Ligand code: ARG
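This document starts with one chain, in the form predicted on its own, laid out as structure tokens.
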Amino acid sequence: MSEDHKAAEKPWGGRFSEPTDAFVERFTASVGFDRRLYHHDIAGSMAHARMLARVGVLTEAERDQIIEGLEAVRSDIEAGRFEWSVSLEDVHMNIEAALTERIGVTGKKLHTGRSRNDQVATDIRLYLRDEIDAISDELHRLQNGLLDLAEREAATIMPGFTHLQSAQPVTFGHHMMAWFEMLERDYGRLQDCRARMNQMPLGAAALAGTSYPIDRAYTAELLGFDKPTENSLDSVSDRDFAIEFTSFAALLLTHLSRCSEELVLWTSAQFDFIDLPDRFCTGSSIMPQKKNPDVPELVRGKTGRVNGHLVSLLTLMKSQPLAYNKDNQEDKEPLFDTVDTVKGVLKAYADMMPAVTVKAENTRAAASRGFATATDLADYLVRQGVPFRDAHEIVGQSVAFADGQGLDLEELSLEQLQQFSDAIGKDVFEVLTLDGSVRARDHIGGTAPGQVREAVARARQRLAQR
């Protein structure tokens, strides 16, 4: 076989006089990772074939032959019988070559009116749309788990922190609802991403559109897109949707990393607020007493991985002129790994959170330390007519005195408290208790147990309406 003939074996090899260098062939091939798009590539090709027949470019018999052949190729892939070839570069050419081998010259007609540029842009959107739907379901499952835990622990008192210092008492359920709200924003960002992404690039061809009488609206309808994209140049070069999804993922992982940090702290002997089931932990090879919270730690670590993918995609796109460039082949591995990471993290968390055991006695004991009801004493004084700044000073003096006595505020006697202000009466002890403190925050967004339960009920309604 002549070198010229070898070069022409490539689908694009007609104008080349020598074959691709063996190293360059391996270096530029993407089939090693983009083969995961096979299902969406075949779905797009089937819709394209139906559209070509509708506008008269293909006969109905050719359409049916192509669709039947593509279904057979898909069956071979799913059964593990398909042989992927690096020399055919990518998932698109591998499938087209297999189709042509199976049905003959009709297979070569499938690529009429399209390019790999708009084909891959369509495939990735189809793929990511399905993955977003799967991730949405798993995020929903995690949120439901948090609501169950929040409802169960709606009245469990724990210390609330600022600067990791004991600040005011809150309930464990209220704390879980804070996590829920983080994830609710993440869910909204994910749906926004899906909505903006759900436009079809197919028909943009290489960059300028095609001279064939295609019906892009019909193809978009077949593939479940809201509409075709508006500009052919932008259609083939846009990767905003991949960046936006990865941005969502980076923020989601940031939120779950914060949650993980708290879980790691709370499982430590120094806090001892919660217990994680053994199935979510591992031991030490040298210290037999250890029970390590590996799942939260690993989630915390994976945040850096996803952040890196976001920076990678932003950097990939920052200097590209319109339209398509080979650089864009580098969009898939960061995107695929981000999808896999997010799905794994959410599954781990959704399985783990409902199984968390809260050690209520320990959380309450911790809340009783650190003068957590000091603000309640200040509020009490303000209600007695003391200006807030004076009340702040009085409470500060009271805390200093109690600290010197090795006591908490509620352990001081009425006489001891009254030495700092004669506005303090015996009813002060109603606000200095932990239960009184949390009950007093009885408004939307507050930590009172009743408000937590109402927040859970409202959140369940939101989830039910999705």
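Note that the structure is predicted; figures quoted are calculated from it, not measured. Numbers for residues come from their place in the sequence shown, where the first is 1.
Note that the form predicted in complex with arginine (ARG) isn't included here; everything after this is about it.
- Between arginine (ARG) and the residues 152, 302, 332, 111, the one pair within 4.5 Å by heavy atoms in the predicted complex involves 332.
- 328 is the sole member of 267, 136, 328, 144 with a non-hydrogen atom lying within 4.5 angstroms of arginine (ARG) in the predicted complex.
- Arginine (ARG) in the predicted complex is approached by residue 117, whose closest heavy atom lies within 4.5 angstroms of it.
- Among heavy atoms of residue 421, none comes within 4.5 Å of arginine (ARG) in the predicted complex.
- Arginine (ARG) in the predicted complex comes within 4.5 Å of a heavy atom belonging to residue 92.
- A residue is said to contact a partner when one of its heavy atoms sits within 4.5 Å of a partner heavy atom; residue 82 fails this definition for arginine (ARG) in the predicted complex, lying far away.
- Residues 30, 34 and 324 are all found to lie within 4.5 Å of arginine (ARG) in the predicted complex, as judged by heavy atom distances.
- Checking 251-259, 158-166, 272-280, 117-125 against arginine (ARG) in the predicted complex, the stretch whose residues place heavy atoms within 4.5 Å of it is 117-125.
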